[in-house]
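We've got the same protein chain twice here, in two forms, each standing alone as structure tokens: structure 1 and structure 2.
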Structure 1
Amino acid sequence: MNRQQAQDLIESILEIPREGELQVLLNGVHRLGTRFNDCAISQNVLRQQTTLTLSARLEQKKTSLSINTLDDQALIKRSIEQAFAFCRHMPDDEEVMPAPGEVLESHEYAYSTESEAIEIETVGAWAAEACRAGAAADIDLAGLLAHGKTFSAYGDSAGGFAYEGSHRSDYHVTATGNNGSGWAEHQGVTIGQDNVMTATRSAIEKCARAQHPEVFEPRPVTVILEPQAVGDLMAMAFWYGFDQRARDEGRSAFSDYDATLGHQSFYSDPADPVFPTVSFSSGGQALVRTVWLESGKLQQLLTSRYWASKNNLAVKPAPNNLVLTGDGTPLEELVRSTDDGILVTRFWYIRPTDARTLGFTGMTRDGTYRIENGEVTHPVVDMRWNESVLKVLDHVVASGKPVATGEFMAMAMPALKIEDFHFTSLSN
């Protein structure tokens, strides 16, 4: 649905008589997903759907209702009536806020004309080429090549409107040999065959270097995390820990915490050149560059409109991307400057272990290597770790250049060199 079509539909919905305030959100997706394993395509799907969400407000009462049948005006009218019927039965909630009513500029930072041309057959051909590269190397190759476009449109009865189209590509690939595996990815708003093959070759090369891993007895040690591992950890830390209200109410790792967290800066910016995103929230609020940590010093936390108004704070809505700055040190140099350490390609299954200290656990996978005297000497058996993100950030001693990563959220993350990282047990 283009901007005009979305605007026409939203306007027609807002013209339907109703008893209170209405917010309308349209989310459309058209996404191909080609999955392969053992160098053959195993799944190939196209998902296309548009969801209409109607949020009804009567003073301090609010409900929402979603449908995915958009060509039936009578159904939409009934759905609006139903949303308000639910709303009447809601108890009052002082935290309900009126619609923002803002008309937002359409930036379309994440829209790619180049991506429009990618067809089903194109994606299949690229996946097949990757499979052939795996077969030629006598390695099992498994991965997902997904590509699609989305649009988001928002309108409200207070006059607000926003629309943006965007693209998103996700290629990640695991190469598995007889006794070890390697992994690589390409994330971004667009993708080409060169991106697919570069990641494929990287996974195959990592796999070759991962064969016959040796046991490294788990202990605290210097670790170099590649961008995927950094992104997985920072995303978990952000969503579990960066909330202003929780901090103010004593329910956060940042409650009564004033120390500087290392020297990195951590921010969100829909216009980020490495991994741009849609520039407004599902609630019709503009998303702008927001700095969470400036040189390690806490600057902002997520702040809802209600909490901001009650405490005279700036509103900080949930972002669509996360960026961690780096000092640009090449990975090779990070390794060269490490006498005793571990190089990690990828983290897996990170979960919180202690909210008070922002503690997490997780595993390494698909390419974990020993660093001795400035060189990668051999692969090591995967390990579990238990660590506090507060400590991790404080122990960063060098970093790379941010690159696009994140299957579930757009992120630009550098490799990090971290001292005294706690590995606790062995995996396979």
Structure 2
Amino acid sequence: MNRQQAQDLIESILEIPREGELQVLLNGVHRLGTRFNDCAISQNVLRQQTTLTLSARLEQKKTSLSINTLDDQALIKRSIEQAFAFCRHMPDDEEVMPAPGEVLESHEYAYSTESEAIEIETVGAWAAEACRAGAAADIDLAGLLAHGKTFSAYGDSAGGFAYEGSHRSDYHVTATGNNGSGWAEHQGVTIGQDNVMTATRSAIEKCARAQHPEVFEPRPVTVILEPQAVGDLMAMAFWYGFDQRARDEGRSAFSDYDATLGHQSFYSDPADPVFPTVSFSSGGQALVRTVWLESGKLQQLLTSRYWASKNNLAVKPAPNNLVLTGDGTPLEELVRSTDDGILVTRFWYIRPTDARTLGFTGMTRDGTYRIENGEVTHPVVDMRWNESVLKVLDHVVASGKPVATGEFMAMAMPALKIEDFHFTSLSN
């Protein structure tokens, strides 16, 4: 659905008589996907769907419902009536805010003409080549290659409107041998055959190096986290810890912490060249470059419209991406400069342990290796860790170049070399 078609549909919905304020969100997806395991394609998916979400507000009451049938005006009218009927039964919520009512400029930072031309046959052919590479290496290869062509459109009865088209590619692959596994990915707004094969060869190589892991007695040690592991940790830290209301109410690690956290900057920017995104939120708010940490110093935190209004603060809506700066040191150099350490491909099952220290626990997975005297010497058995993100950021001594990562959220993250990272037990 192009901009004019989306605008015409939203305007026709907003013209339907109703009791109160109405917000309309359209999310359209044309998703191509090929899933494979044991070096053979197991599923091809072509999903094309547009979801219409209607949010009704009556004073301090609000409710939403979604449908995915758009060519039945009678159904849409009944859905609006039902949304307001539900709304009348909701309790008053002082945090309910009026619709923004803003007309936003369309940037389409995440739109790619190259990506628009990708078809399901192409995705399937790339996945098949990856499978052949796994079979040739006599390694079990499993993964997903998905490419989405999407649009988002927003309108409200206060006059607000926004529309953007975007693309999102996700390729992640696990190579499994008899005694160990390796993993790699390609994320971004576009993807090509070279990207697929580079990630595939990386997973196969990691798997070959991961066979017959040895026990490393868990202890605090220098660790090198590859970008996916950094993204896993920073995404959890952001959504659990970077909130202004939690800070003001004494529930956050930042409530009593004002020290500088290392030297890196942490920000969100829909125009980021590594991993751009849609430049407005599902609530019709414009998203712009927002710096959370500047050279390790806290600048601002997520601030809802309600909390900003109540406390006379600037609104800082939830972003669509996260970026951590790096100094560009190659991964090989990070390893060469490490006498005693652990190299981690990715994390698994990260869970929060302490909001006041931004503490988390998790496990390593799919490629964990021992570093001795500047060289990767052998794989090690996966381990559990417990660590504070405040301390992690403060103990970064070197970093790589940010690359696109994040299966569930767009991120640009560098590899990090961190001193005194706490491994606590074996995890298998």
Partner chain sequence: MFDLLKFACNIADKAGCQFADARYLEIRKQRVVSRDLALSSCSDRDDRGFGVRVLYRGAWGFASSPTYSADEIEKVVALAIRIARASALALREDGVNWAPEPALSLDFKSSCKYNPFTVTLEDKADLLISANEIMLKNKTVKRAQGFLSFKQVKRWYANTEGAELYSDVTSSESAIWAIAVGNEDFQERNWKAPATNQGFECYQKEEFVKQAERVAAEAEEKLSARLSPEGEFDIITDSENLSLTIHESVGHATELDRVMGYEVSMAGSSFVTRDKQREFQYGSDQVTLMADNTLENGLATQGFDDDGVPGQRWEIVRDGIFQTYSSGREFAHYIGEERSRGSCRADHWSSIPIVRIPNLFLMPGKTPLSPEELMADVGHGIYFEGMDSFSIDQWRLNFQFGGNAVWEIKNGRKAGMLKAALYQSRTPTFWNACDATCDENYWQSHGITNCGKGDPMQVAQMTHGAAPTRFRNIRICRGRDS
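All residue numbers here follow the sequence of structure 1, with the first residue given the number 1. Keep in mind that this is a model prediction, so the values were computed, not measured. We call the rigid core whatever largest set of C-alpha positions still superposes within 1.5 Å between the two forms.
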| property | result |
| --- | --- |
| Pair member which, unlike the other, is the form predicted on its own | 2 |
| K401: Cα shift of 2 Å or greater between structure 1 and structure 2 (core-aligned) | no |
| Per-residue C-alpha change between structure 1 and structure 2, E94, threshold 2 Å, rigid core fit | yes |
| Displaced residue check between structure 1 and structure 2: E59, CA, 2 Å or over, core reference | yes |
